[in-house]
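One chain comes next, on its own, written as C-alpha coordinates: the form predicted on its own.
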(Lines give C-alpha, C1' and ligand atoms only; values in the text may rest on other atoms or scores of the structure.)
Protein backbone atom coordinates (compact mmCIF):
# COMPACT_ATOMS: atom_id res chain seq x y z
CA UNK A 1 0.00 0.00 0.00
CA UNK A 2 1.37 3.38 -0.93
CA UNK A 3 0.80 6.28 1.45
CA UNK A 4 0.78 9.85 0.37
CA UNK A 5 1.62 12.89 2.45
CA UNK A 6 -1.01 15.61 2.06
CA UNK A 7 0.35 18.80 0.58
CA UNK A 8 -0.79 22.06 2.13
CA UNK A 9 -2.22 24.54 -0.32
CA UNK A 10 -1.93 28.28 -0.03
CA UNK A 11 -5.09 30.39 0.05
CA UNK A 12 -4.21 31.66 -3.43
CA UNK A 13 -4.03 28.19 -5.01
CA UNK A 14 -6.44 26.05 -3.02
CA UNK A 15 -9.69 25.33 -4.80
CA UNK A 16 -12.72 25.99 -2.59
CA UNK A 17 -15.10 23.12 -1.91
CA UNK A 18 -17.99 25.27 -2.95
CA UNK A 19 -18.18 28.55 -4.77
CA UNK A 20 -18.28 31.36 -2.24
CA UNK A 21 -20.03 34.67 -2.63
CA UNK A 22 -17.89 37.85 -2.76
CA UNK A 23 -19.26 38.85 0.67
CA UNK A 24 -18.27 35.51 2.22
CA UNK A 25 -14.77 35.74 0.72
CA UNK A 26 -14.39 39.29 2.03
CA UNK A 27 -15.41 38.23 5.53
CA UNK A 28 -13.02 35.27 5.41
CA UNK A 29 -10.05 37.51 4.53
CA UNK A 30 -7.83 37.95 7.61
CA UNK A 31 -7.37 41.64 6.82
CA UNK A 32 -11.08 42.31 7.29
CA UNK A 33 -10.69 42.64 11.07
CA UNK A 34 -7.86 45.16 10.73
CA UNK A 35 -9.82 47.11 8.13
CA UNK A 36 -12.77 47.27 10.52
CA UNK A 37 -10.50 48.54 13.31
CA UNK A 38 -8.99 51.12 10.94
CA UNK A 39 -12.45 52.41 10.03
CA UNK A 40 -13.47 52.54 13.70
CA UNK A 41 -10.32 54.51 14.68
CA UNK A 42 -10.87 56.86 11.76
CA UNK A 43 -14.47 57.56 12.80
CA UNK A 44 -13.53 58.08 16.46
CA UNK A 45 -10.74 60.51 15.61
CA UNK A 46 -13.04 62.35 13.22
CA UNK A 47 -15.44 62.95 16.10
CA UNK A 48 -12.98 63.89 18.86
CA UNK A 49 -9.88 65.36 17.16
CA UNK A 50 -10.16 68.98 15.97
CA UNK A 51 -9.47 69.47 12.25
CA UNK A 52 -8.80 65.77 11.76
CA UNK A 53 -11.43 65.26 9.07
CA UNK A 54 -10.22 67.92 6.65
CA UNK A 55 -8.84 67.54 3.14
CA UNK A 56 -5.55 69.16 4.14
CA UNK A 57 -5.07 66.73 7.02
CA UNK A 58 -5.99 63.70 4.91
CA UNK A 59 -3.27 64.67 2.42
CA UNK A 60 -0.92 65.24 5.34
CA UNK A 61 -1.60 61.70 6.58
CA UNK A 62 -0.73 60.30 3.16
CA UNK A 63 2.49 62.30 3.12
CA UNK A 64 3.44 61.09 6.60
CA UNK A 65 2.58 57.51 5.67
CA UNK A 66 4.94 57.67 2.70
CA UNK A 67 8.02 58.23 4.85
CA UNK A 68 7.71 54.82 6.51
CA UNK A 69 5.20 53.07 4.25
CA UNK A 70 7.64 52.82 1.35
CA UNK A 71 10.03 50.94 3.62
CA UNK A 72 7.18 48.86 5.10
CA UNK A 73 6.34 47.36 1.70
CA UNK A 74 9.93 46.20 1.18
CA UNK A 75 10.11 45.12 4.83
CA UNK A 76 7.14 42.83 4.20
CA UNK A 77 9.16 40.81 1.69
CA UNK A 78 12.07 40.66 4.12
CA UNK A 79 9.88 39.33 6.95
CA UNK A 80 8.07 36.93 4.62
CA UNK A 81 11.47 35.51 3.64
CA UNK A 82 12.14 34.79 7.32
CA UNK A 83 14.54 37.70 7.90
CA UNK A 84 14.41 41.14 9.57
CA UNK A 85 16.03 44.54 8.95
CA UNK A 86 16.41 47.00 11.84
CA UNK A 87 18.93 49.23 10.07
CA UNK A 88 16.61 51.17 7.73
CA UNK A 89 16.42 54.29 9.92
CA UNK A 90 20.20 54.55 10.04
CA UNK A 91 20.39 53.84 6.30
CA UNK A 92 18.07 56.78 5.65
CA UNK A 93 20.11 59.06 7.92
CA UNK A 94 23.37 58.03 6.25
CA UNK A 95 21.91 58.61 2.78
CA UNK A 96 20.75 62.10 3.75
CA UNK A 97 24.10 62.97 5.29
CA UNK A 98 26.19 61.55 2.45
CA UNK A 99 24.15 63.29 -0.25
CA UNK A 100 24.54 66.68 1.43
CA UNK A 101 28.27 66.10 1.99
CA UNK A 102 28.83 65.13 -1.65
CA UNK A 103 26.94 68.15 -2.95
CA UNK A 104 28.29 70.79 -0.55
CA UNK A 105 31.83 69.59 0.18
CA UNK A 106 32.73 67.60 -2.94
CA UNK A 107 30.77 69.75 -5.41
CA UNK A 108 28.96 66.86 -7.10
CA UNK A 109 25.67 67.49 -8.89
CA UNK A 110 22.61 66.48 -6.90
CA UNK A 111 21.56 63.65 -9.25
CA UNK A 112 25.01 62.02 -9.09
CA UNK A 113 25.23 62.37 -5.31
CA UNK A 114 21.79 60.82 -4.92
CA UNK A 115 22.69 57.94 -7.23
CA UNK A 116 25.94 57.21 -5.38
CA UNK A 117 24.17 57.31 -2.01
CA UNK A 118 21.59 54.80 -3.25
CA UNK A 119 24.37 52.52 -4.56
CA UNK A 120 26.10 52.64 -1.17
CA UNK A 121 22.89 51.74 0.65
CA UNK A 122 22.04 48.86 -1.70
CA UNK A 123 25.60 47.51 -1.43
CA UNK A 124 25.35 47.49 2.36
CA UNK A 125 22.00 45.72 2.22
CA UNK A 126 23.30 43.15 -0.25
CA UNK A 127 26.33 42.59 1.99
CA UNK A 128 24.08 41.74 4.93
CA UNK A 129 22.13 39.32 2.75
CA UNK A 130 25.35 37.64 1.63
CA UNK A 131 26.66 37.39 5.20
CA UNK A 132 23.35 35.85 6.27
CA UNK A 133 23.61 33.09 3.71
CA UNK A 134 27.36 32.52 3.52
CA UNK A 135 28.24 32.81 7.22
CA UNK A 136 24.82 32.01 8.72
CA UNK A 137 24.80 35.26 10.73
CA UNK A 138 21.18 36.18 11.59
CA UNK A 139 20.05 39.32 9.78
CA UNK A 140 18.91 40.76 13.11
CA UNK A 141 22.54 40.78 14.28
CA UNK A 142 23.91 42.07 10.99
CA UNK A 143 21.38 44.88 10.65
CA UNK A 144 21.68 45.74 14.35
CA UNK A 145 25.39 46.34 13.73
CA UNK A 146 24.47 48.61 10.81
CA UNK A 147 21.81 50.32 12.94
CA UNK A 148 24.53 51.40 15.38
CA UNK A 149 27.39 51.99 12.95
CA UNK A 150 25.63 53.85 10.14
CA UNK A 151 24.02 56.38 12.46
CA UNK A 152 27.46 57.01 13.94
CA UNK A 153 28.95 57.51 10.46
CA UNK A 154 26.12 59.92 9.62
CA UNK A 155 26.90 61.94 12.77
CA UNK A 156 30.59 62.01 11.82
CA UNK A 157 29.84 63.20 8.30
CA UNK A 158 27.58 66.05 9.45
CA UNK A 159 29.19 66.67 12.87
CA UNK A 160 25.56 66.32 14.12
CA UNK A 161 24.62 69.62 12.41
CA UNK A 162 22.32 69.86 9.35
CA UNK A 163 24.14 70.54 6.07
CA UNK A 164 22.05 72.98 3.99
CA UNK A 165 21.65 71.94 0.36
CA UNK A 166 21.08 74.57 -2.33
CA UNK A 167 19.27 72.68 -5.08
CA UNK A 168 15.82 74.16 -5.48
CA UNK A 169 14.74 71.71 -8.21
CA UNK A 170 15.39 68.83 -5.80
CA UNK A 171 13.06 70.13 -3.10
CA UNK A 172 9.98 69.40 -5.21
CA UNK A 173 10.55 65.67 -4.78
CA UNK A 174 10.08 65.89 -1.03
CA UNK A 175 7.71 68.80 -0.59
CA UNK A 176 6.07 69.36 -3.97
CA UNK A 177 2.47 68.69 -4.98
CA UNK A 178 1.25 66.99 -8.14
CA UNK A 179 -1.36 69.20 -9.82
CA UNK A 180 -0.87 71.48 -6.82
CA UNK A 181 -2.81 69.05 -4.60
CA UNK A 182 -1.33 65.56 -4.13
CA UNK A 183 1.95 65.41 -2.14
CA UNK A 184 4.78 63.96 -4.22
CA UNK A 185 5.79 61.49 -1.44
CA UNK A 186 2.24 60.10 -1.55
CA UNK A 187 2.75 59.35 -5.25
CA UNK A 188 5.96 57.46 -4.39
CA UNK A 189 4.00 55.62 -1.72
CA UNK A 190 1.32 54.28 -4.04
CA UNK A 191 3.76 53.54 -6.87
CA UNK A 192 5.88 51.48 -4.46
CA UNK A 193 2.77 49.66 -3.29
CA UNK A 194 1.85 48.70 -6.87
CA UNK A 195 5.39 47.62 -7.80
CA UNK A 196 5.98 45.50 -4.69
CA UNK A 197 2.47 44.00 -4.86
CA UNK A 198 3.06 42.91 -8.46
CA UNK A 199 6.45 41.45 -7.55
CA UNK A 200 5.03 39.53 -4.59
CA UNK A 201 1.95 38.26 -6.39
CA UNK A 202 2.83 37.67 -10.03
CA UNK A 203 6.57 37.00 -10.34
CA UNK A 204 8.76 33.94 -9.87
CA UNK A 205 10.91 35.91 -7.45
CA UNK A 206 7.87 36.74 -5.33
CA UNK A 207 6.91 33.08 -5.08
CA UNK A 208 10.51 32.26 -4.22
CA UNK A 209 10.41 34.71 -1.30
CA UNK A 210 7.41 32.91 0.17
CA UNK A 211 9.00 29.52 -0.42
CA UNK A 212 12.25 30.53 1.32
CA UNK A 213 10.32 31.96 4.25
CA UNK A 214 8.21 28.84 4.57
CA UNK A 215 11.07 26.34 4.41
CA UNK A 216 14.52 27.42 3.13
CA UNK A 217 15.85 23.85 2.92
CA UNK A 218 12.92 22.67 0.85
CA UNK A 219 13.22 25.79 -1.32
CA UNK A 220 16.89 25.07 -1.96
CA UNK A 221 16.13 21.44 -2.86
CA UNK A 222 13.51 22.64 -5.35
CA UNK A 223 16.14 24.71 -7.17
CA UNK A 224 15.54 28.14 -5.63
CA UNK A 225 18.66 30.19 -4.90
CA UNK A 226 18.16 31.03 -1.23
CA UNK A 227 21.23 33.27 -1.26
CA UNK A 228 19.88 35.29 -4.20
CA UNK A 229 16.51 35.76 -2.49
CA UNK A 230 18.11 36.93 0.75
CA UNK A 231 20.46 39.33 -0.98
CA UNK A 232 17.68 40.84 -3.08
CA UNK A 233 15.17 41.32 -0.25
CA UNK A 234 17.81 42.94 1.97
CA UNK A 235 18.87 45.15 -0.94
CA UNK A 236 15.22 46.12 -1.38
CA UNK A 237 14.82 47.50 2.14
CA UNK A 238 18.14 49.32 1.82
CA UNK A 239 16.96 50.88 -1.46
CA UNK A 240 13.66 52.07 0.00
CA UNK A 241 15.46 53.39 3.08
CA UNK A 242 17.75 55.40 0.80
CA UNK A 243 14.74 56.80 -1.07
CA UNK A 244 13.22 57.81 2.27
CA UNK A 245 16.47 59.53 3.23
CA UNK A 246 16.41 61.47 -0.05
CA UNK A 247 12.79 62.51 0.57
CA UNK A 248 13.74 63.80 4.02
CA UNK A 249 16.67 65.70 2.51
CA UNK A 250 14.43 67.27 -0.12
CA UNK A 251 11.78 68.17 2.44
CA UNK A 252 14.22 69.71 4.95
CA UNK A 253 16.53 71.25 2.31
CA UNK A 254 19.46 69.79 4.21
CA UNK A 255 21.30 66.60 5.01
CA UNK A 256 20.53 65.55 8.56
CA UNK A 257 21.88 62.67 10.64
CA UNK A 258 18.99 62.79 13.13
CA UNK A 259 16.17 61.92 10.73
CA UNK A 260 14.22 58.64 10.56
CA UNK A 261 14.62 57.73 14.23
CA UNK A 262 12.26 54.81 14.82
CA UNK A 263 11.63 54.27 11.10
CA UNK A 264 12.41 50.57 11.40
CA UNK A 265 9.88 50.06 14.19
CA UNK A 266 7.07 51.86 12.36
CA UNK A 267 7.76 49.84 9.21
CA UNK A 268 7.92 46.51 11.05
CA UNK A 269 4.82 47.33 13.10
CA UNK A 270 2.85 48.22 9.97
CA UNK A 271 3.86 44.99 8.22
CA UNK A 272 3.12 42.80 11.24
CA UNK A 273 -0.19 44.52 12.02
CA UNK A 274 -1.07 43.95 8.36
CA UNK A 275 -0.78 40.19 8.83
CA UNK A 276 2.84 39.41 7.96
CA UNK A 277 4.04 36.45 10.03
CA UNK A 278 7.26 37.09 11.95
CA UNK A 279 8.16 33.42 11.42
CA UNK A 280 8.12 34.00 7.65
CA UNK A 281 6.23 32.46 4.76
CA UNK A 282 3.03 34.48 5.10
CA UNK A 283 1.98 38.07 4.47
CA UNK A 284 0.38 40.34 1.88
CA UNK A 285 1.23 43.77 0.55
CA UNK A 286 -2.41 44.88 0.73
CA UNK A 287 -2.39 43.94 4.41
CA UNK A 288 0.72 46.05 4.92
CA UNK A 289 -1.00 48.96 3.13
CA UNK A 290 -3.82 48.80 5.68
CA UNK A 291 -1.26 48.52 8.49
CA UNK A 292 0.60 51.60 7.24
CA UNK A 293 -2.61 53.64 7.07
CA UNK A 294 -3.58 52.44 10.55
CA UNK A 295 -0.25 53.52 12.05
CA UNK A 296 -0.23 56.84 10.14
CA UNK A 297 -3.81 57.71 11.18
CA UNK A 298 -3.12 56.82 14.81
CA UNK A 299 0.07 58.92 14.95
CA UNK A 300 -1.63 61.85 13.23
CA UNK A 301 -4.61 61.59 15.56
CA UNK A 302 -2.37 61.83 18.62
CA UNK A 303 -0.83 65.02 17.25
CA UNK A 304 -4.27 66.45 16.49
CA UNK A 305 -5.38 65.66 20.05
CA UNK A 306 -2.34 67.50 21.39
CA UNK A 307 -0.94 64.54 23.29
CA UNK A 308 2.38 64.98 25.05
CA UNK A 309 5.26 63.80 22.78
CA UNK A 310 6.42 61.43 25.51
CA UNK A 311 2.95 59.93 25.68
CA UNK A 312 3.13 59.45 21.91
CA UNK A 313 6.37 57.52 22.37
CA UNK A 314 4.67 55.27 24.91
CA UNK A 315 1.81 54.65 22.50
CA UNK A 316 4.23 53.84 19.67
CA UNK A 317 6.02 51.35 21.91
CA UNK A 318 2.70 49.82 22.87
CA UNK A 319 1.80 49.62 19.18
CA UNK A 320 4.90 47.54 18.46
CA UNK A 321 4.07 45.21 21.37
CA UNK A 322 0.46 45.00 20.18
CA UNK A 323 1.67 44.04 16.71
CA UNK A 324 3.84 41.26 18.10
CA UNK A 325 1.03 39.89 20.29
CA UNK A 326 -1.38 39.89 17.35
CA UNK A 327 1.26 38.09 15.30
CA UNK A 328 1.73 35.43 17.98
CA UNK A 329 -2.04 34.91 18.20
CA UNK A 330 -2.30 34.53 14.41
CA UNK A 331 0.59 32.04 14.36
CA UNK A 332 -1.01 29.91 17.07
CA UNK A 333 -4.34 29.97 15.27
CA UNK A 334 -2.67 28.95 12.01
Partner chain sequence: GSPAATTPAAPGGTETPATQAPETPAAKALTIGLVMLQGDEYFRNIEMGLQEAVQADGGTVIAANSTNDPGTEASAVQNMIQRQIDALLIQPVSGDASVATMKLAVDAGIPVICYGNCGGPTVDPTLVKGAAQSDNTDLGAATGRAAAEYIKANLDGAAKIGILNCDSAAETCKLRKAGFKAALEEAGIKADYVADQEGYLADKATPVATNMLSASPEINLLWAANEGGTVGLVTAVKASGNRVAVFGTDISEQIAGFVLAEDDILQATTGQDPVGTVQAAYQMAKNAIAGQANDPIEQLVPGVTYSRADTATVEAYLAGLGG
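What you see is a predicted model, and the numbers here were worked out from it, not measured in a lab. Residue numbers count along the first chain shown, from 1.
If you look for the form predicted together with the partner chain, you will not find it shown, but the lines that follow are about it.
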### Query
Taking heavy atoms only, is residue 36 within 4.5 angstroms of the partner chain in the predicted bound form?
no
### Message
Against the partner chain in the predicted bound form, would residue 40 count as a contact residue? Criterion: heavy atoms within 4.5 Å.
### Response
no
### Message
in the predicted bound form, is there a heavy atom of the partner chain that lies within 4.5 Å of any heavy atom of residue 171, even though the partner is absent here?
### Response
yes
### Query
Does residue 164 reach the partner chain in the predicted bound form, with heavy atoms at most 4.5 Å apart?
yes
### Summary
Note: the partner chain not shown here; in the predicted bound form, the stretch from 258-266, 111-119, 232-240, 186-194 having heavy atoms within 4.5 Å of it is 258-266
#### Entry: Stretch 121-138: residues contacting the partner chain in the predicted bound form, 4.5 Å heavy atom cut-off
none
